[in-house]
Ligand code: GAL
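This document opens with one chain alone, in structure tokens, the form predicted on its own.
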């Protein structure tokens, strides 16, 4: 009898018999194909070394930004050795991936890898750095900068326009020289961890390779400074850019904008900039880049009225060109394979496309009044995936969608920055997505996240990434709007975004006075802010400094773990170091501790040295944690011992070009103090030709114990826009100003 099986079962049995004959054990044991890639390190600038793993692609992050390093400023820094001498950085080709491995010591912490909203310290985490809306996914953010800085005093940048995956102190290798011993969870539960600590930072990307840059210290702050200088130095906004910005609702008309400005002036609330949202275009999403004839029938006349009110104008756009726009025909030969909102996506990695776009802005948009249209808000260059082009999209340059996703925000910023530089007028604006190399660009990142604690964390995190980031105020209850207003006034860009809310700053009269005070203080602190930005521009020192960048400040173990865990004897314990991510320094002397509306008090971690209350001059402690309960009209602010804070009188708009104003200088504490005050004309790039001054302010006690302040004589022929100088010594409790 012959058993006849259905064809399906016959074939399945035959396949099974064949599979039994395959050498499964041997095949499963074979590792993925890999080969070692040699690295040759060359010092390309003072304290900066470069090696290339494999071969660089033609499009890189620093190449897209296109800004020259500040070599003389780097050379002026103190010498420091190559940080990995004798330790070894390893590169391997594993299939289609280039894998890079950097040593990570037991006591070493890593910060950076982009603007994250959850935390600062990166140890024990994995990231895929990918330009995107923030949605809570590690690494997918508005500024996924592939630069990290170590507490050992060095920084590392992988200059690739690819998505880069990082394993930071996690993923123990079989061949690791310093790996944890196996621990039995049942008998050694206190020592067991589900994330044993690796001795490396590992990064990988798909592609032929990438350049690696290593930045020496000797301190973490020095490493960040070198990185910023190598990218071209930090942005220096015009003085008016450090005032207050209000963005209008979606489709406001010229008359409605002027009405809001008049209301600011009537109520005495400072205002320097108004941001026009999509309605200034005659078509948006995608954009026409043409003034709307109904809402703005006479752009020149509108801008003349804004000039009379001392308010500059910022224009919103996303860079996708509408079919009906005159730009469409000109840029069509440079369009990518995919559309965004049915608009073409120009390939701005090509200089021809950049020139066409810049010329259209000059002749069709900014020509209405170049002196008043002094900035742009660049939207929708971050994601998400469902809106932008796919990774397999093709661009005329030969770059693919993944690469262009990582650099598109950089490319648009570059066009705008170079346009304003050609006009010798500084700009200040906003951008939704950026990357490494952006530090010289006068743009502040923003997003839709509205969690108070997360956006304060992002402000702190930006200091490791060579970018500027500010939260936004978007309506809300009166108290909530107040606390958010106070916070944004101590970030790189102070603004209210009214694009989809009916709320105004004056919607709740109960809190209006305190909000006006916060904005007024922002303007009063112009000399301090401006000098901090000049340090960023000329020396690479970030304006905002997260606590790990503050000398002597150290994270600690949580209270419940102290005495139970010793990182020296058990470096693999899964214990998170206590993070201080809700406060930061502005400049060198001013500690800012924003407070949310749902609490009445908060803890502040004071760095080493004595610290004094900004408002009263009272000593609040040193190198300790204090608790403060500020009144509603104050954001907690503290000044280090010997700190000098220069201010100008209260006013309703920022100082104009070459305007001369009185100067108040405050000294805090019991130590003598020195401060370098920066000045230039406030609006042009003439400072790059030497038209600027640094003037020393100093405070010391005389033989009789009384304080004396001195202002060095400004150098003749250099800018100095201050008249009468008043000193105020805040070493004893005094009444608030």
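Remember, it's a predicted structure, so these values are computed and weren't measured experimentally. Numbering follows the first chain given and starts at 1.
There is also a form predicted together with the ligand; it is not shown, and the following applies to it.
- Stretch-level contact analysis of 613-621, 101-109, 276-284, 254-262 against the ligand in the predicted bound form, using heavy atoms and a 4.5 Å limit, identifies 276-284.
- In the predicted bound form, none of the heavy atoms of residue 414 sits within 4.5 Å of a heavy atom of the ligand.
- The ligand in the predicted bound form is not approached by residue 198, whose heavy atoms all lie more than 4.5 angstroms from it.
- At a distance threshold of 4.5 angstroms between non-hydrogen atoms, residue 162 is out of contact with the ligand in the predicted bound form.
- The ligand is not drawn, but in the predicted bound form it has a heavy atom within 4.5 Å of residue 377.
- Within 4.5 Å of the ligand in the predicted bound form, a heavy atom is found for not a single one of 244, 486 and 524.
- Shown without its partner, this chain lists 332, 356, 250, 75 as candidates; in the predicted bound form, only 250 has a non-hydrogen atom within 4.5 angstroms of the ligand.
- Of the residues 316, 389, 296, 455, just one reaches the ligand in the predicted bound form with a heavy atom at 4.5 Å or closer; this is 316.
- In sequence order, 497, 499 are the residues of 481-503 having a heavy atom within 4.5 Å of the ligand in the predicted bound form; the partner itself is omitted from this view.
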